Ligand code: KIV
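First, one chain by itself in structure tokens, the form predicted alone.
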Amino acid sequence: MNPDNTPPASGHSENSDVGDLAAERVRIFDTTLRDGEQAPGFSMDRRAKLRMAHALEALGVDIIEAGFPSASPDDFASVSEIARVLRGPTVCGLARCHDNDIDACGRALEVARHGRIHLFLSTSPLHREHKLNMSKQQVIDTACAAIERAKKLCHEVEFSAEDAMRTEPEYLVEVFSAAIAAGATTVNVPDTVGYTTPLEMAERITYLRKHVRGADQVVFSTHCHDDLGMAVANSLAGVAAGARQVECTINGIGERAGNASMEEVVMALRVRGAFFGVDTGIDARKLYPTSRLLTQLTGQAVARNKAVVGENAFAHESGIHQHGMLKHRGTYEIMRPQDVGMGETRLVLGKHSGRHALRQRLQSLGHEVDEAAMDNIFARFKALADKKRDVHDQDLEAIALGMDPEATGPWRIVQLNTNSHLGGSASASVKLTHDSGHEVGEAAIGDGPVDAVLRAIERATGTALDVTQFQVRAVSEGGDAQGQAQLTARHAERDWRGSGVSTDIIEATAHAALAIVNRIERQQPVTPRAAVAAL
């Protein structure tokens, strides 16, 4: 694999077909804090919204829709606070074409360095008849009056024709022409119910840009929902047809099936830059950290197979794919995980993995294996992989050393206790047994239960561990999900890795630490501390 993990200086993917670095700009309008946050299960309090807004600003988002000020006093306060503290992006508030909504938006945004009121009104026959009970002309008159009022209160006004993709094209031309004449600076073409197709979206944007009066004076925007799984495709089709603003959310959250996913839109425009001929101002290396922040704030994880930011987006288990990746990364990856801030590609060892990936992992663990031994090791690896979903480094090392990977030692945990409380230190005690027949117990105090457990294990085994990386992730779903702890520690000028799995993450951490200690002792035999004490 390519040893150079440094992102390209341009910020583009190594495999990007970007040709012109001065490509036309597409504005990224993020509505995570409005459309995303109003979806069931994704509600955020004011502090969480402010933290997310700062992350979006650092990401390089052009317009942040901070909320719906008239929805509640807390929503008003959130929009006002975000408008007060942000300096880079345009801060936007949503409003119906009602005087009270517009005035609330104006007040919330009056402290913004650059503010925008986003007005919306339904235009489709279905909505005109059953939701609004308005005629075509009444819709136009209402929209224009609202735009003129909003224009006096804010720097910019955006007008959205709700359910635009189910609106008569000729009538939509009338609506947008009137909106532009009234002062709208951005006109949005929402696929409100996720019904349209990419071809229809491209045709509609092309038609509107050709026939709307004043089309050259405004920015055309898309706002696509994902009810049929085409939100990103429809957004990209709109861009290809001339839309220069995409409304989207982090992780694609939003009403019902969600909105267009920002990370997917941004990376599609970046990797296929020569095809689209446009670029964004997004710092793509912050996409994954921002995605993770959102999952932390909402408690809602993304699917493992989620494009760009999912756990499996840059993970390979298939032996054919792993073989190709070891030869040349471009065989099965069109962008690098580093390009989106994710870290490194993972070759996951499981029942679908092949000999090449297994040999490469064994070599990284310090085991050079000849062909005769490899046959036996590979057979034992496959047998274990049929029993376990993932095969970890300590499993491989046990196989390479001719041991039973399900009974690795020499150290094993007999007993583990931890205690911690808010605002104070934590304590841990461990009792370990060694293959030599000795049993040893130790206790320690640490900054938290994880730190205390690590210190206790160091004392009990006499092996110092300088932990350089520590990660915990769920390996299944639900409240009783197992957690996998992954540790990297420095010992004797070498990095050692270990992992442990348990429904208790402290226990998982202890198993990960002990896996490292066992690996160190198997490769660099030492006399157990308990044995020394008995002499």
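Residues carry their position along the shown sequence, with the first being 1. Not measured: the values here are computed from a predicted model.
There is also a form predicted together with 3-methyl-2-oxobutanoic acid; it is not shown, and the following applies to it.
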{"property": "Per-stretch contact check against 3-methyl-2-oxobutanoic acid in the predicted bound form, the hit in 377-385, 218-226, 429-437, 82-90 (non-hydrogen atom, 4.5 angstroms)", "result": "218-226"}
{"property": "4.5 Å heavy atom contact, Gln245 and 3-methyl-2-oxobutanoic acid in the predicted bound form", "result": "no"}
{"property": "Any non-hydrogen atom of Arg116 within 4.5 angstroms of 3-methyl-2-oxobutanoic acid in the predicted bound form", "result": "no"}
{"property": "3-methyl-2-oxobutanoic acid contact at Glu162 in the predicted bound form, heavy atom, 4.5 Å", "result": "yes"}
{"property": "3-methyl-2-oxobutanoic acid contact at Gly106 in the predicted bound form, heavy atom, 4.5 Å", "result": "no"}
{"property": "Of Ala460, Leu94, Ala231, Cys154, the one that lies within 4.5 Å of 3-methyl-2-oxobutanoic acid in the predicted bound form (heavy atoms)", "result": "Leu94"}
{"property": "Residue (of Gly310, Gly341, Gly273, Pro190) lying close to 3-methyl-2-oxobutanoic acid in the predicted bound form, criterion heavy atoms within 4.5 Å", "result": "Pro190"}
